[in-house]
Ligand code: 3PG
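Next up: a single chain in structure tokens, the form predicted on its own.
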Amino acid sequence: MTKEELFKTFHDIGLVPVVKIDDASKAEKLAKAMIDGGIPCAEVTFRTDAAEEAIKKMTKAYPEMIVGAGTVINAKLAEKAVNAGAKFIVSPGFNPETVEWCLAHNIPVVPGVATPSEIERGLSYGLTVLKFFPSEASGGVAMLKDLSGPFSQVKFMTTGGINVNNLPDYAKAQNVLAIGGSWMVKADLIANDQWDEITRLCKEAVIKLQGIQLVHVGINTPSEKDAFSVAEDFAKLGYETLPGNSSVFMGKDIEIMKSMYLGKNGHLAFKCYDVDRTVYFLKQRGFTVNESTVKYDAKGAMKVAYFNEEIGGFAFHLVK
């Protein structure tokens, strides 16, 4: 997997759990619990003596899982982690020695930054993905918004003080590539073999990350005349009539199509924080994209996408 493919996968998954493990014998069960929860990646921190062996066990048992090493504070630790099977390196701060070793060995590295000066240093090494740490203590999403202006080319992996409650705030941030945290894989849950709870917390985080919410319902009619006829009935309920080229909107909640468009009965429109990420999420659940309906924004990110499958006779699509 190339660096570009790795970072694209990070974006699509959206979450990179930060794992502190004291007993490497539990690594395989932990990996399975995370995969079952929809998060096939992990940053195993070198805060314990078990980290190296845990990485070996996780990568051997589940080669499809993307396992990296965190809290890598020098080049020797980076080499040890890579030899154990780590696919990427994350550090809490910016150590030139560590960064240079990783670049020389073609290993994706995400050093920690918290200031504009540190970001500029990262850019001087050609790095456009950096770790924003500690996120909450360094200003959180407000700081990230301020940084997006002068550093529009930089994406951040955010860690520090993030939990299921403030997760949506980071998921909405345009310059956040992926979100790290330990609340899904707390050390006590691992120590007590609470694999079902880890899976539940991972699933909860994945759902929360999407921000899926119904925006409007689309109703198919055979013609423009029929569409306005249906609109008259909704107007009696107090809805404002807003005619368009291909449909009539009743307020913001109901779209009456002037033709028999996608879906037996019509369509459902759902908004989400990131269309590309939610497309990935839904593909894991058996849905397939109707490629002819996909629209992109100026930066090449999806902004509209219909799926081939219907729900209750309704086609459905995502919008940002």
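Treat the numbers as computed from the prediction; the structure is a model and nothing was measured. Numbering starts at 1 and follows the sequence shown.
Below, we refer to the form predicted in complex with the named molecule, which is not included among the displayed structures.
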item	value
Options 98 to 106, 74 to 82, 152 to 160, 230 to 238; stretch whose heavy atom lies within 4.5 Å of the named molecule in the model of the complex	152 to 160
Close approach of R47 to the named molecule in the model of the complex, 4.5 Å, heavy atom	yes
Exercise: F133 in contact with the named molecule in the model of the complex, heavy atom 4.5 Å	yes
Contact test in the model of the complex: I13 vs the named molecule, heavy atoms, 4.5 Å	no
Heavy atom of G181 within 4.5 Å of the named molecule in the model of the complex	yes
